[in-house]
Ligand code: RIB
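This document starts with one chain, in the form predicted alone, laid out as structure tokens.
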Amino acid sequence: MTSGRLPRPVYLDMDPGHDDALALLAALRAVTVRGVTTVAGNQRGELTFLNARRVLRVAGRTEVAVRRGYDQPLLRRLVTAEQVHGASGLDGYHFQPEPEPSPDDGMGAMEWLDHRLAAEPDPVDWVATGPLTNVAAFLLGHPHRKRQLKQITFMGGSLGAGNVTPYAEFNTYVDPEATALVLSSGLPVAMVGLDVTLKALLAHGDIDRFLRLPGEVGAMLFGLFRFFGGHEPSANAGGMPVHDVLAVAAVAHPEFFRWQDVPLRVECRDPERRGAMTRVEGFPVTRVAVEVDVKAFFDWLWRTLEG
């Protein structure tokens, strides 16, 4: 057990995705992962579901439950990031053997979350690293479970420029209505946005360091991030962003970040500015990371992966 592990459980909602895979591996060591739900985003829903199970098999953690959530945004057609993550969603590594089929008890992600949260003795954290479709749908359909949620922490949005348009970060662009619903849920919400994740770049030369990790995990991460570094549009000579794992760090070590309470409006009407975030007084206040201690973050990440 690492020093960053939380005594309370954490649920993850993801769309793996290279940076989601790294976030999942870090979470397995830094917090108590009670389960994973997957959502369409970086790739189609059937692939993000498969990819979460692939990563857990490589990590030797197949006991962690994975449930497939929404395959489409709440109100829009799905936009994926195949150009970044490849046809599989995790291009760069050949997963073999494939994970065993998940047991089918007829319970979908929303029903499964309802049952699991009902059994939690204390409020839990929920960390989301993809479009917020599952989170918004669950809150809409199960408002009585809000009291079981301590905080929702998500990677998404931006207080600056976007990465899919000049205005919007990918996750909020894919499902802006879901983002707006989560921000207005009345729950404590913490956001780690693109303007912060772009400050924490994994140096290209540090990809070799993954090979020091034991077993298949190191080879997997090396292959994945060698591919990712050549396709992530925000990568530059200084390295590549690892976006999603910063949301895990924000739960395990919020002191790595400087936070501000910001009233946020999400653009859902203007097609050109879809998913853009602006500060507007009177809108729900979100706890937003505005700075990150990059050295402390990477020291923690490598200590967590190598520990």
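Everything quoted here is computed from the prediction, not taken from an experiment. We number the residues from 1 along the sequence you see.
The same protein also has a form predicted together with this ligand, omitted here; what follows describes it.
Which pick from L90, V182, L221, M155 sits with a heavy atom within 4.5 Å of this ligand in the predicted complex?
In short, M155.
Select, from the options 24-32, 237-245, 52-60, 270-278, the stretch whose residues sit within 4.5 angstroms of this ligand in the predicted complex by heavy atom distance.
Only one stretch passes the 4.5 Å heavy-atom test: 237-245.
In the predicted complex, does each of T38, R67 and T133 have a heavy atom within 4.5 Å of this ligand?
Judged in the predicted complex, none of T38, R67 and T133 sits within 4.5 Å of this ligand.
Though only this chain appears here, would W126 touch this ligand in the predicted complex if you measure heavy atom gaps against 4.5 Å?
Heavy-atom contact with this ligand at 4.5 Å: absent for W126.
If we define contact as a non-hydrogen atom of the residue within 4.5 angstroms of the partner, is Q148 a contact of this ligand in the predicted complex?
Flag for Q148 set to no.
With heavy atoms only and a cut-off of 4.5 Å, decide whether N42 touches this ligand in the predicted complex.
So N42 counts as contacting this ligand.
Residue-level contact is defined here as any heavy atom of the residue lying within 4.5 Å of this ligand in the predicted complex; does F170 satisfy this criterion?
Contact with this ligand, yes.
Residue by residue through 65-95, tell me which have a non-hydrogen atom within 4.5 angstroms of this ligand in the predicted complex.
Only H85 sits within 4.5 Å of the partner.
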